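First come two forms of one protein chain, each written alone as structure tokens, so that there is a structure 1 and a structure 2.
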Structure 1
């Protein structure tokens, strides 16, 4: 009898536990299923696909690392790869200096909450919310050699010699696009930096000021080290963004990195390899996947190393 009663209690408890498991499964299942199907599965497949030969949408034979070899060492591909890679490197370095350097300056100034503080925030952030397509086309129109506002402006202020087909010359095309990108995004790091600065306790800065530190010393010795986590994030995001750079060069220079591949990027090269183009020939999912895997490994490795390195110089604020 006592035995029988005991099991009813255990059953009741077990039922409650099962119900809880079911509830948790209900909460977690949809998100996990969606993520698995549309992110993890394709990512894994990319690796899988890269070791096969492909004929259009049809998978052919297992070819081992042949696709990787083709991407890396085939004389024709190799030339494009190296050119695109170094263009991405240039983009990264230039954005770090122009975009993030300007952002840091703006954030330090805004942190002093000058008159018009809200207005400046909105003004700097406004382009960030716009689509790259809009930005790209808008600047393409502005940079038009004949009717573009940029050249017209230069002529009007007497700098007519400087007017040039910005996007048409290999020397200026990439630089122009980088500046457009900086114009588009500078508000983002600015406000991330600003939020990080605002998070530094005010007394720390006031104490330094009472100690007689100059504004420059405060920025260098207090604010800069304490905003390190934000710097880490922005550096890593800039790195990933630079090596995934696609939209601006695609819209402003086209799929072939015009002029003369001076604005060619890994992203464009990948697109051409995978889906076919004049220079890359027919669509080839095998070499395309191999290139994607290589780009991924590169970005992943370097952003992990960078995160490690940058995080090690962060100071805990508590």
Structure 2
């Protein structure tokens, strides 16, 4: 009798486990289908396209790594690749300093909960939820040299000598776009840093203040080390976003990275190569796909190394 009861109980437990697995599979299926359709299949297609020669939309013969060799070593492509790569590097460094530096400052100020800090949180995050396309066109109008808001304000306050075609000069175009991007996204790292600061026990900070530590010492020796996990996330996301940067330079500078390719990015170079343009000539899916694969390998490799290095230096709360 006892053995029959045990068998019945085990069967019920097994059925419950099977039902739970089926339910989990049912819940995961839509997400996995979306990932497979819009992430993994395009990645596999890019690798597949990169090893063939293409004549427009017509696939030619198998060429192996010839497209990769053309991207890296062809003189005409190489100069555009190097220029675009270093522009992306400039964007990453500038965003780390301007965007994330400002975000950390705002987070430290908001952590002290000044009057109206909830309003400030919403105000800083509001641009993040706006469409990047809208942001690009909006600031392109603001920076218009004739009727733009920026030059109009400069003239009205007596700084007319500073008015210039911000997007028309190689010296100012990329910097202007970086500032626009920083304005657009600064709210995200601000909230991430703020959440990390709120995670720190207030007793540690109050004890440091009682011991006579200045606000700078508290930020440097307590807050900064303990918010390292948030810093890791922001650094890696900033790197990925910087080397995937496409919308704002495309909208504000055009497909050719105007003026004089000073705002050219790897994403723009890929688009020109794969789909054709004045500088790249006719579309070349093979070379464009090879460039896309190289960009992915670079971003994935560097992000993985940076994540492991920064994670190893994190200080966890016990």
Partner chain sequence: MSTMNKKSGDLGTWLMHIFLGVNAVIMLYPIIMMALSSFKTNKEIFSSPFSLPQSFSLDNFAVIWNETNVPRYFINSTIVTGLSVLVLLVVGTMAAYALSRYKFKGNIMISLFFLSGLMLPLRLAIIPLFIQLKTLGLVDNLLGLICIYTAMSLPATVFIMTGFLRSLPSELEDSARMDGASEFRIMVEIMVPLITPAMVIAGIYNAVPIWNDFFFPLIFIQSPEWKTLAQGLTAFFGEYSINYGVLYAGLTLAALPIMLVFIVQSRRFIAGMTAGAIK
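Computed from a predicted structure; not experimentally measured. Think of the rigid core as the biggest set of C-alphas that the two forms share within 1.5 Å after superposition. Numbering follows the first chain given and starts at 1.
Undergrad: Quick one: identify the form predicted on its own, either 1 or 2.
TA: Comparing the pair, one sees that structure 2 is the form predicted on its own and the remaining one is not.
Undergrad: Looking at the two rigid parts that move between structure 1 and structure 2, do residue 141 and residue 71 belong to the same one?
TA: Yes: one rigid part holds both.
Undergrad: How much does the lesser of the two rigid parts rotate between structure 1 and structure 2, stated in °?
TA: The smaller domain rotates by 10 degrees relative to the larger one between structure 1 and structure 2.
Undergrad: For residue 21, what C-alpha shift in Å results between structure 1 and structure 2 following superposition on the rigid core?
TA: With the rigid core fitted, the alpha carbon of residue 21 is displaced 5.7 Å between structure 1 and structure 2.
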